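In the form predicted alone, a lone chain appears below as structure tokens.
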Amino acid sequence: MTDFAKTDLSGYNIQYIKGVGEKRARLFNKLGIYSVRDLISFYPRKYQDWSKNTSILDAPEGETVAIKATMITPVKEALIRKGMTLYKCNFSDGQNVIHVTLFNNKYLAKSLRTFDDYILYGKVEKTFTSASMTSPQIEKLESANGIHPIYSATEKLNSRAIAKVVKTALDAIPHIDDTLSDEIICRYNLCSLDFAVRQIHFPDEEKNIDIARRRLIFEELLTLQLGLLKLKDKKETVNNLPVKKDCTNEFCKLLEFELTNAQKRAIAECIDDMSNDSAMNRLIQGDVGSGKTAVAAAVMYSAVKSGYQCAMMAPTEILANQHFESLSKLFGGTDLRLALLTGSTKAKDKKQIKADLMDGKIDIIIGTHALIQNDVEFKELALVVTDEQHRFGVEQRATLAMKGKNPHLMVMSATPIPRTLGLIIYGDLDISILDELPPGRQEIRTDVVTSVYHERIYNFIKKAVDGGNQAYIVCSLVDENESELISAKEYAEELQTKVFTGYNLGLLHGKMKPKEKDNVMSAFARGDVQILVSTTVVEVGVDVPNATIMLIENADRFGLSALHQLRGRVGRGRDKSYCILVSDNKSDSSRERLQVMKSTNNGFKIADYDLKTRGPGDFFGKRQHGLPNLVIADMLGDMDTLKECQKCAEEMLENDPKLDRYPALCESINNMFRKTDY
């Protein structure tokens, strides 16, 4: 294979690396690896240190160890049943003997030679008189490198095969050019990119892993920060659509309730943004039920009264319908003209709505992704509102925003994140936080019980449903698997046939098509479904004031923030509401976590506790809530580095706004944000 330079990486197809080919390339593609750039950015998930050898006598039983030993007996083959062959042989470390058994590994068994030296890597089992290893990894002493990288693999593409291809690729790259200046590398105590990439895959010694990780984490978080700051800079455009009238007082007369101080503050911040020199780009972050929609409605009211149009985009049809109904009711006595545009809107109605939007006959349009289709045009779009920010990415928001002359942007999120972290994560947006609940928003009673209470809970649900209320039952799995936990499908069938016979049960899970989910949630909202059995997809859902009970099975399996979001589905009507957390987990940490849920309804307090104790993986999940996927960095575990990168990014853009000195970083930024599955 020809050597390729750093600049060739993005376009060099993985299939042309020696030992890959077209067929094997498809296996790499399943891991998201298409180019050499992807390959060398596919970092090991852990390492095995084969350099720390132990003797057979000192090897602790049941722990994975490396033993340097000589093969002292030939391999004996035994067919124990059809499709199962055993290979047995003995090794000695010079003092003691260890018996090795291999299952169906003909290739390895045939490669072993008597009196050759090997490293055996695996778990040791001991009796009073002997020691043994079952299916250990075995390599010749001279080729058994000290530290072995372990990659996320598939059934047909194992870690060792991936490591071999990575090594071939790295050997063919003479040098990986650095993306950062010597000054930045020195100031932040970083190693070179070439050293980092080579050592993260094949470290010469253990300390080099940390040195390499430090550089690669810094590189990734700096790329993220630069990308977010550049997005914010792009959005800081001239305000072509200034809101000349603050009609908040007039809007408040339409309400049947008093706005909280937090809502008033957020509205004032938005109106101030929209009357300034630059267009607004603001995140309205509030706990479940904090009144984000009322803030959006107030801001839209002032925008319309200033002669403009507004668009509100929701992630699902049912949520779009809900917003349309609530806003139509709110603005029923005014001259504001509202319309709803979703995938289900009839073709004839769509045509009329699009024509009315162009003519300026519609003031506020509420919809789903249907709003960002090419043939949707506005006469004077001044404000774009997106609900559930993490469900929409930068590109989708930008597509809707391009339908106006740099319109103002408001995004809403119900995920409570500490302010300091939020300022970093939502680097492209200003933030308003709603930290008060509106009056009348009742506190939900939360109880933590074991499965012994199931019969009492079911009777409690029956009584509530008989009285005209509804209930959610949430479980953590969808399909049967090795776990002892009952899947949503199986649980729903069992409840329908054995517990709630005569009641209407519905089932909702993530593997259903969007239309199917909408149909089930619509039936629940109408009251046709009395009890909804669901996975966490109900977390972001429709407002059902009649639902008063939220039963969550195996509650210890969820993050507290997820539990809090689920709890927020009830308590939206006048009747007293309950959240029942069922868990048989007896660990102190699990009990403590669930007691936090019982003790407070404050989402920000819960989020703080969840972040500190459960960690970022469970809090953010794989998607990092709307951010580009991070390969090696940890949004919370690497908080200190994240702050360093934020400062570094600001200084870089101040001195070099277009990053002309950093073409490779610009390419990384484009790759990071383009690849994100928004």
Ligand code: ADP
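Source: prediction; values computed, not measured. Note that residue numbering follows the sequence shown and begins at 1.
Keep in mind that the form predicted together with the ligand is not shown, yet the notes after this line are about it.
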Is Phe257 a contact residue for the ligand in the predicted complex, using a 4.5 Å heavy atom cut-off?
yes
Does Pro438 reach the ligand in the predicted complex, with heavy atoms at most 4.5 Å apart?
yes
So in the predicted complex, is the ligand close enough to Asp543 to count as touching (4.5 Å, heavy atoms)?
yes
With the partner left out of view, is Thr548 within 4.5 angstroms of the ligand in the predicted complex by any non-hydrogen atom?
no
Select from the listed residues Val124, Val288, Ile173, Ala109 the one whose heavy atoms reach within 4.5 Å of the ligand in the predicted complex.
Val288
Have a look at Lys292, Arg593, His408, His564 for me and say which one sits with a heavy atom within 4.5 Å of the ligand in the predicted complex.
Lys292
Just one of 456-464, 585-593, 148-156, 257-265 has residues with a heavy atom within 4.5 Å of the ligand in the predicted complex, so point it out.
257-265
